[in-house]
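Here we start with a single chain on its own, the form predicted alone, put down as structure tokens.
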């Protein structure tokens, strides 16, 4: 099922082209990563899809409806990066208002608030005001708002920015679980997190589409990436280069080593034997390059 289609979608601010003639078609299913450098057009695209702003040119359809259509009410939701809660009212009252705005009766709204708070693991915080919650908990309340009504498509703009690891894990697990019922599009600079969550990636730069495809590129067979928390770097590179089929080894960020291998040659077993022989522990070994290395390397 197609969830998003754009045809020449553009948004200009004077001479600045925030989004430039974007043609894109996305299908329902696993979470989709939306990435790119600052100013790439990510937030502009999400805002256009929600109908918050109007395009300068082109058109877009969400779930088969034109953007801004009333038919999308309850089917499309979003969590903007700068979303704020009203400090004057309790979490329960605010979420109840959002549920009522979707047309729910009072009794149904109360049940829905209970459901979404249980989903984000904040049932005990229903009576609290936002000022009594941590930043991570407030972010989860905002996510609860995006889940009201069980929408089919959920747009998340930097959902884990600036929050602590426990809250990041809760949000990650929540997205995994809710992906059975809805499609998520997640904009973030945290590529490691996106690789754990998403099945495909949309890469924008300067308002244009650079790449759209699966997270695990099938054309990346010529590489292995291994993360080694602590090894003698020069010795590892020297010994790894001696393995049959290895063409080169390069040290990357976060303790990753990118191994270029002869295409069609299986180096992984020999690499694991080398690590075991020297007592070197590895954190993970993946076929291909990391998303960061593929796009920015």
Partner chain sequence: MPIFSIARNEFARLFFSRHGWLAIIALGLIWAVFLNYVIRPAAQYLSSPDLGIFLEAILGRIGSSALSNWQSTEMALYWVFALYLLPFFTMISAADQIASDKTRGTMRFLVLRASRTQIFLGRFIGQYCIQLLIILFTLLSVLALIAFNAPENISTALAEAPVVCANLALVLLPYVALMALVSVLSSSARQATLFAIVGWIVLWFLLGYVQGRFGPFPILDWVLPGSQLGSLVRLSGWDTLNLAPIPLLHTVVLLALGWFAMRRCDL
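Note that the structure is predicted; figures quoted are calculated from it, not measured. Positions refer to the first chain, counted from 1.
The following text describes the form predicted together with the partner chain, which does not appear among the structures shown.
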Any non-hydrogen atom of residue 89 within 4.5 angstroms of the partner chain in the predicted complex: yes
In the predicted complex, residue 145 touching the partner chain (heavy atom, 4.5 Å): yes
is_contact(residue 82, the partner chain) in the predicted complex, heavy atom dist at most 4.5 Å: yes
4.5 Å heavy atom contact, residue 177 to the partner chain in the predicted complex: no
Heavy atom contact within 4.5 Å of the partner chain in the predicted complex, the stretch among 73 to 81, 187 to 195, 205 to 213, 223 to 231: 73 to 81
Selected contact from 135, 111, 169, 93, since only one has a non-hydrogen atom within 4.5 angstroms of the partner chain in the predicted complex: 93
63, 50, 258, 26 - the one with a heavy atom within 4.5 Å of the partner chain in the predicted complex: 50
Partner contacts for 1 to 23, taking the partner chain in the predicted complex and a 4.5 Å heavy atom cut-off: 11, 13
